[in-house]
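Taken one at a time, structure 1 and structure 2 that follow are two forms of one protein chain, written as structure tokens.
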Structure 1
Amino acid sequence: MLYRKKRPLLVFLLPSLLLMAVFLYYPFVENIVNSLFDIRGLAAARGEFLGLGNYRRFFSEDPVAMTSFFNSLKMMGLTLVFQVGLALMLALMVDSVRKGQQLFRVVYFFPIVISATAIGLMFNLFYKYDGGMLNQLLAKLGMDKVLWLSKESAYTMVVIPTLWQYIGFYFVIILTGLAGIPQEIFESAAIDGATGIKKIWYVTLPLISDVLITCVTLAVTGAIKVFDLPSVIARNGAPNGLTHFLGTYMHNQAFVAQNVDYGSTISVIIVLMGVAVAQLLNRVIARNSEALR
């Protein structure tokens, strides 16, 4: 055993447990309780007991809530393909480059360094109808201006920068995992005839399965909580709530409409959904990685 005496470990663990209890678990329990009562206004007292009324309202009576729910589900799928998927492709290509890897790390990781608010404002300038960069380019090409944040295209326009920002984050994680694979394994695989796609499928992916599980879990749970970029690019889910996600709709209800009880309900749904999806992904990916091995 590395540590024979457990009591000193508890002394060091206790402060972090107390902080988590005060700032994480206690607010979560309070949100669960608040979601069962009628609360109008920030710091207002709990009113009538509603039971599961807010949850019924979310799933059956509120069309904007359902829009935000399905937008978040779609975002989860898009993160797997365009964040983790593209990051994996880029990492595999860069890993084969012997010189200049550090340059690619910096270039692809750079969007993470920029604040989400700054990126949102930048894309607002791109999408602006009068004088926006995209419409200026269309005008130079002799084409008509486009309302980029229309009902038909607003969701796509919000999703693009949200996905783009974190590709570099997962790229660096996967590239670090690839760097940890001993070259002797690839040499042995090449002798056995495993090259190209076979090498990636039968050697590389199984050896970085733990890294991929981490990236997929972070990406999917992050998609459920997405808030900052959509709230800057399309305020209040504009147009007509079509670009709301669970995180933005929770903020809108709790702090703008001051329906604290309903906002608490959405926050509980976000947490439960994140935990359930993370557990499901861990089981599915772990089973597949064992099959690959």
Structure 2
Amino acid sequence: MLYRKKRPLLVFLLPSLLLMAVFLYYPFVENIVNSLFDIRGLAAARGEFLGLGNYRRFFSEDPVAMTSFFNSLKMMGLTLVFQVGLALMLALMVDSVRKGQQLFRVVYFFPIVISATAIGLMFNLFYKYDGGMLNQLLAKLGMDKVLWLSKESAYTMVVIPTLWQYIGFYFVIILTGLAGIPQEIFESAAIDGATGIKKIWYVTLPLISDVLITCVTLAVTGAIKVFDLPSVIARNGAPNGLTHFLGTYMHNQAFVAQNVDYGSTISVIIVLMGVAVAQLLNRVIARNSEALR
């Protein structure tokens, strides 16, 4: 009776749906179609139908594409170990102490609100060969200067700030999860003789598995979308495209080299990877939770 008339419904739904249809769903589909055609230039019309030609090119003919693909894949693994892993350790430690919890939360979280661009600029100042902070530090310790963004180390140097920035994020999520565990459970565990590592492994971790799963999913799917920091610290995948990620390589191909079709192909691969990883994680999680039962 109250919500019967259809006109108000339309008024409420249309603005959002229209915006998303025009700027999200339609481009998403068009982008997939684009990846199957030959398009040279951002303003150029679709040319010849290539089928999966661009995808073949990505996986078999383009070494930089492979570099970016594996860089993104490696990034996922690293976020798992270093972001979620470190965040978990920090959260367990903060949870075990009483004083200063709030302070640690505030301090650990704050790099997240700073734009990745500003953080990238900051790390540029650290990594500079002449007069960069790290080399000054080495000089103080009486050591030789190091070329931080060399071929061998550039990837690591780009990854470090990316990982560092978001640890506090997962830390807060896990800490909130830990705070939700009822105290009685720990008390009864203590009566049963569970202490230290044993307590963490058999009592705490299973109880926050939901939270950990969320963190893992967010971290891994977030790793595919890495863009800002690499694009500020190592432009165009410098040196030699070695620090390209799927996102930066996509931008480079579509908007710098103007290989629009190929750029679209890379972005479709990003989506497919995201879906695949999410599915895989769901599978693993489902199996594990069955095993727990």
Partner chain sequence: MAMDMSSVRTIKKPRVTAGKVVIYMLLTLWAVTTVFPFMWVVNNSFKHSSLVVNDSFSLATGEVLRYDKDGQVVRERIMQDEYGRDMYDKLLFDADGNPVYEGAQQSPTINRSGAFADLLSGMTVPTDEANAHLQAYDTVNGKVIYDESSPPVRLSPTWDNYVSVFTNRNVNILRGYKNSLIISGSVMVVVALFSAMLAFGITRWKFRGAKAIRSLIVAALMFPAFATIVPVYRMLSDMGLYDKLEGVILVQCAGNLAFACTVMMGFINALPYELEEAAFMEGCGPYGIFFRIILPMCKPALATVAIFTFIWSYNDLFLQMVLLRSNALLPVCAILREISSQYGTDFGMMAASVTVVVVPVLIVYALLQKNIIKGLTAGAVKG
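Rigid core: the largest C-alpha set superposing within 1.5 Å between the two forms. Since we're looking at a predicted model, the values are computed, not measured. Here, residue number means position along structure 1's sequence, counting from 1.
Asks: Form predicted on its own, is that 1 or 2?
Replies: The chain shown as structure 1 is the form predicted on its own.
Asks: Taking the rigid core as the reference frame, is the Cα of Leu272 displaced by 2 Å or more between structure 1 and structure 2?
Replies: No, Leu272 moves less than 2 Å.
Asks: For Leu125, is the CA shift between structure 1 and structure 2 at least 2 Å following rigid-core superposition?
Replies: It does not reach a 2 Å shift.
Asks: Superposing on the rigid core, is the Cα displacement of Lys140 between structure 1 and structure 2 2 Å or more?
Replies: Indeed, Lys140 is displaced by 2 Å or more.
Asks: Having superposed the rigid core, state how many Å the Cα of Leu14 shifts between structure 1 and structure 2.
Replies: Between its two positions, the C-alpha of Leu14 lies 7.7 Å apart after core fitting.
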